[in-house]
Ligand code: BES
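Take a look at this one chain, the form predicted alone, written out in structure tokens.
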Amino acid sequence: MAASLVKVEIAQDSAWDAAVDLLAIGLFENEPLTGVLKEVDARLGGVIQDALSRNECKGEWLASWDTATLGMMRPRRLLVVGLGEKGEFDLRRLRLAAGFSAQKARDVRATALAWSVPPLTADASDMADVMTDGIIVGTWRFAKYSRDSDGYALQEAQLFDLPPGGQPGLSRGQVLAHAENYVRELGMRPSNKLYPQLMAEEALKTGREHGFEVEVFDEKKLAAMGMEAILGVGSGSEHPPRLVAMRYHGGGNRTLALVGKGITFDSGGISLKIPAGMEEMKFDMLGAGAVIGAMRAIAELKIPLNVVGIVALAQNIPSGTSIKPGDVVKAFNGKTIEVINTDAEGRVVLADAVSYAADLRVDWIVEASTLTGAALTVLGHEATALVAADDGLASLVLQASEASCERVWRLPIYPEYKRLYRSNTADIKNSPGRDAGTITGGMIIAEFAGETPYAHLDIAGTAWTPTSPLNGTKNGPTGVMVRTFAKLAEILSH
């Protein structure tokens, strides 16, 4: 994870005098050359304007054009990044553009990058935060399980032309980016290198390093606590399940619970998935990863709020001891679940985790999980689905996600949906069918929150994505929800 070591600083001089390998400058669509870009063009003898006239250089969103500067200014190369329409440019796009520049820096083997920060009506600290985050996250690469390494690492980045007051954002952006990259590293580990016990050990290690308490419940403790749901899901694997409770004492008398699904491999169980693409099911632990990463960030940022992180860890594997369609399990709070489809296992393990959080008498429960393919069908890779009956909590989650540049879209809850998961043999069934699948998935988990305000975030489409400005490998984990969870804790601490 060498990319995490990149140092980001605010610079005060002129960007064209920076002793760097690559200078990045943004270009808005259908806008003339102005400011730093106009000055740089003059120093390079009008080469940018010439490229514009030839339609080689464009302001379209994330179009790019680069050139060697041939000693006409200190940066070795210039990168012009398309920023799209000026009216559509915001903090989210600023973050993505910064990540895109980090990808381009790799292409030209730049060890030092400079940015002339484009004009934006936003808080300078927020701008520094998202640019720092974008650059560090955009530079990250998984180290791989091989001896091959290209030896490349971006070492420093300088932000020029940033309005005064950006320094606090640098620190925050670094903390969040490192936490996101940690989640991405966990996500890239195959299930034989990250089964439930090993992931629980990662939580223990992270707690020791970043200052929060961690308690791990093994299969004997889970049985004693009456957690038949998580034990049922994990019953087919030689690696038994774990429930991990992390506690950060930030102060005050209110507590936020963050809950995550950690299926370290999901074969579908007896309701076996098709073979094509099953290797991606190592990513089914990214809800739990986001919670561990968020706990790390919240502790480092010293947010003045008590936060409990709870992750349910299991492997969903078919064997002679596996849970079967038609089986009934009882969750920690006493509610029974008829298992219709063993591939709808996430809501089953989360029944124990969420009911345990509610039993702790926390003030809010927010849960993230790669729960349904339906979320990907509805929202693609562009947004996380939110299911919440509590309007107040839903509003705060949306506020936090907007401030964090992570898109979240709230789906409706109607009384008719509840009939879909009624069971004739238990309190509820785990799989009511395709109709309103993302919504009923969240509603089923909500049954175990009791009266505690609860929000469900389905990150099936956003936890790992195809190639993007912040993700240089196909089907790579994103670290989504770390920023939103940390911001939500900040909001609730006031």
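This is a predicted model, so every value here is computed, not measured. Start at 1 with the first residue shown and count on from there.
There is also a form predicted together with the ligand; it is not shown, and the following applies to it.
Undergrad: Considering 79, 303, 203, 344, which brings a non-hydrogen atom within 4.5 Å of the ligand in the predicted bound form?
TA: Exactly one residue meets the criterion: 344.
Undergrad: Select from the listed residues 421, 100, 283, 332 the one whose heavy atoms reach within 4.5 Å of the ligand in the predicted bound form.
TA: By the 4.5 Å heavy-atom cutoff, the listed residue in contact is 283.
Undergrad: Establish, in the predicted bound form, whether 252, 358 and 361 all lie within 4.5 Å of the ligand, using non-hydrogen atoms for the distance.
TA: Answer is no for this spot.
Undergrad: Within 4.5 Å, heavy atoms only: does residue 324 come near the ligand in the predicted bound form?
TA: Contact check for residue 324: no, nothing within 4.5 Å of the ligand in the predicted bound form.
Undergrad: Just checking whether residue 48 would be counted as a contact of the ligand in the predicted bound form - the rule being heavy atoms within 4.5 angstroms.
TA: No - in the predicted bound form, heavy atoms of residue 48 and the ligand never come within 4.5 Å of each other.
Undergrad: Examine residue 371 and determine whether its closest non-hydrogen atom to the ligand in the predicted bound form is within 4.5 angstroms.
TA: Heavy-atom contact with the ligand at 4.5 Å: present for residue 371.
Undergrad: So in the predicted bound form, does residue 225 come within 4.5 Å of the ligand, heavy atom to heavy atom?
TA: Because no heavy atom of residue 225 falls inside 4.5 Å of the ligand in the predicted bound form, the answer is no.
Undergrad: Choose from 373-381, 239-247, 109-117, 324-332 the stretch whose residues reach within 4.5 Å of the ligand in the predicted bound form, heavy atoms counted.
TA: Among the candidates, contact is made by 373-381.
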